[in-house]
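The chain below stands alone and is given in structure tokens; this is the form predicted alone.
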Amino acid sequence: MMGQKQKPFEEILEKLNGKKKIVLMGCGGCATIFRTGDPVAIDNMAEKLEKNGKEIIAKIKLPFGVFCCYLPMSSQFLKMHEKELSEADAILMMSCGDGTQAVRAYLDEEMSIVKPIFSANNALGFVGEGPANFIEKCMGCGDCILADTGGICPLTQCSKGLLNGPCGGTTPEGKCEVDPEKDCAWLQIYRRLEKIGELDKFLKIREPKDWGQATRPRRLSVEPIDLMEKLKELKATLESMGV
């Protein structure tokens, strides 16, 4: 998921300078996990903005599982608030930049609502684990090498992003010279390969990485899912769990 932190409130207020009527929109996906765009965060933001003279004319709260970046679902909530969006001086997105840009494009192109739009959050990349503590796991390089490194990514776990083994700064205790509290990523890879009986992969010399796979913006085309059918499946699964 996309890790994120809310921007300092002073920065948010500065971006909204001269804007009176504000629409807030959250996200039921990553921003809910990180408490940067869930209903509580939206209410807190609204309260702080109102104390600073802003008029909050709509709070678009997306339920958990409804990502604002996935327009087939989030667009339904935009349509429900068409009047307020049309009247707003600005839209403050409590989501990552992906969600902000997806909503901006839909408003511009599908609803003909062209408004200043800002993200209240700073995205920090793909992170995993949880539920309270998260760590970056993937940088979306487009050329995954986990099959050769024991399922541990050296691009994100090595402070230097080295692809062919540890640097000369690894301590005798196997710690990283950049972060002495952290085990060397390549030591972790070595131990993992040893455990699964694939230590021969450690000796493989890798060609220079093809960063061409990371050329922006990357585009994907897939066969659309049947959204209603998937929601029925989710309902059935939750009911089977007693939820």
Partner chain sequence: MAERVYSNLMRELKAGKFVFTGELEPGKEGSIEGTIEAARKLLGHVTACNVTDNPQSFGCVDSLAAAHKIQAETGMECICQLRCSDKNRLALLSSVLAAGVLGIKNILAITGDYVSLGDTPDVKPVYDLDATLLTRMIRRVVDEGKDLRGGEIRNPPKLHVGVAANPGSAFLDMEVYKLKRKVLAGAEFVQTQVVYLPEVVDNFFAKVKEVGVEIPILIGIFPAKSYAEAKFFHEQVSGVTVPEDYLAKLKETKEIKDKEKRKERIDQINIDYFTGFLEHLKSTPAAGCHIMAVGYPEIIPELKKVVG
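Positions refer to the first chain, counted from 1. Values in this document were obtained by computation on a predicted structure and should not be read as measured data.
Keep in mind the form predicted together with the partner chain is missing from the figure; the text below concerns it.
Which residue, G125, G165, P116, G150, has a heavy atom that falls within 4.5 Å of the partner chain in the model of the complex?
If I apply the 4.5 Å criterion carefully, the residue I get is G165.
To verify the annotation, which of these, K195, K204, R218, K51, has a non-hydrogen atom within 4.5 Å of the partner chain in the model of the complex?
In short, K204.
Taking the partner as it appears in the model of the complex, which of 84-92, 169-177, 135-143, 117-125 has residues with heavy atoms within 4.5 Å of the partner chain?
Result for this chain: 169-177.
Quick one: does Y190 come within 4.5 Å of the partner chain in the model of the complex, counting heavy atoms only?
Because a heavy atom of Y190 falls inside 4.5 Å of the partner chain in the model of the complex, the answer is yes.
Given that the partner chain is not shown alongside this chain, does F34 nevertheless sit within 4.5 Å of it in the model of the complex, heavy atom to heavy atom?
So F34 does not count as contacting the partner chain.
In the model of the complex, does L199 come within 4.5 Å of the partner chain, counting heavy atoms only?
Yes - in the model of the complex, heavy atoms of L199 and the partner chain come within 4.5 Å of each other.
Verify the contact flag for F67: yes if a non-hydrogen atom of it lies within 4.5 Å of a non-hydrogen atom of the partner chain in the model of the complex, no if not.
Heavy-atom contact with the partner chain at 4.5 Å: absent for F67.
All of S159, W186 and K209 with a heavy atom within 4.5 Å of the partner chain in the model of the complex
Looking in the model of the complex, the three residues S159, W186 and K209 all sit within 4.5 Å of the partner chain (heavy atoms).
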